[in-house]
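Okay, here we've got a single chain as structure tokens, the form predicted on its own, with questions on binding and movement later.
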């Protein structure tokens, strides 16, 4: 399996990934529901040109255009968090620029004209922010002056379709694996910490979803009144609090009953490496146990490969014409990837 992430950071026993997303609109083109189809086509040409015509980036990005018809490819990109559900469901002509390693994607004609995001493995907020803002400058400087540049107000900051994005237009999201907190019912602690720092808590599949596989996403709620570095620092402080708490709870759980802890992770690894049919939900929970075992040093395994499996086992990524065939394909993939002896 190829490396899914471009940037990498620390605390990979707890932190699966970091994502920084920037929302931008052009001043010279209507945005929101006032965007006409001819404007959508013009936006694709203008927003992609600074990348596809730049020799530094052109060979590293692929540009794909999408129409109104449903697309299995788009569903797979949603599962990998490379495009949003709103982008996939849009009735407008739209396009996505995706880097060869999946570390950066640029959605054109999502809710805003441009949604740019950088994704990395582990805790790497500063690295993702630098990657996102660097490419953002390339796009801004390459867009024709007749379009007025980015829509920006000296008092409010970047103007966006949704008022909650006005200001920096930035969302920083960190995906955390918190099995000990979830098992003890202490995931409520996550909500308290998030509330204290002004953050949102979501499940693996994003807004409106519950945690699956003991995986949670936290992100900044506020984008107005702070600069990008301040928002990033607030989120990092909250993440570090959760990392410390999760590690402490795992240690307590193991010390209370080492055999029960080891039995759970070994059983999960055994099923993953031998099952012939396995559903998404069961696989996610078993991978949670397996990941915990590897992070604790009880099992052998590569964390990057385990993280990549979280996306590879999702339905659209597997293909197949029925749930049963996908369950079989998922089991085959897991048998091939899980090295359990």
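What you are looking at is a predicted structure, and each value in this text was computed from that prediction instead of being measured. Numbering follows the first chain given and starts at 1.
What follows is about the form predicted together with another copy of the chain, which we do not show.
- Put simply, residue 263 is close to another copy of the chain in the predicted bound form: some heavy atom of it is within 4.5 Å.
- When contacts are judged by a 4.5 Å heavy atom cut-off, residue 189 does not count as touching another copy of the chain in the predicted bound form.
- Looking at residue 318, you'd find every heavy atom of it more than 4.5 angstroms from another copy of the chain in the predicted bound form.
- In the predicted bound form, another copy of the chain lies farther than 4.5 Å from every heavy atom of residue 39.
- Remark: of stretches 226 to 234, 170 to 178, 265 to 273, 110 to 118, the one touching another copy of the chain in the predicted bound form is 265 to 273 (heavy atom within 4.5 Å).
- Note on the partner interface in the predicted bound form: the residue among 287, 295, 278, 308 having a heavy atom within 4.5 angstroms of another copy of the chain is 278.
- Residues of 322 to 340 lying near another copy of the chain in the predicted bound form, listed in sequence order, are 328, 340, the criterion being any heavy atom within 4.5 Å.
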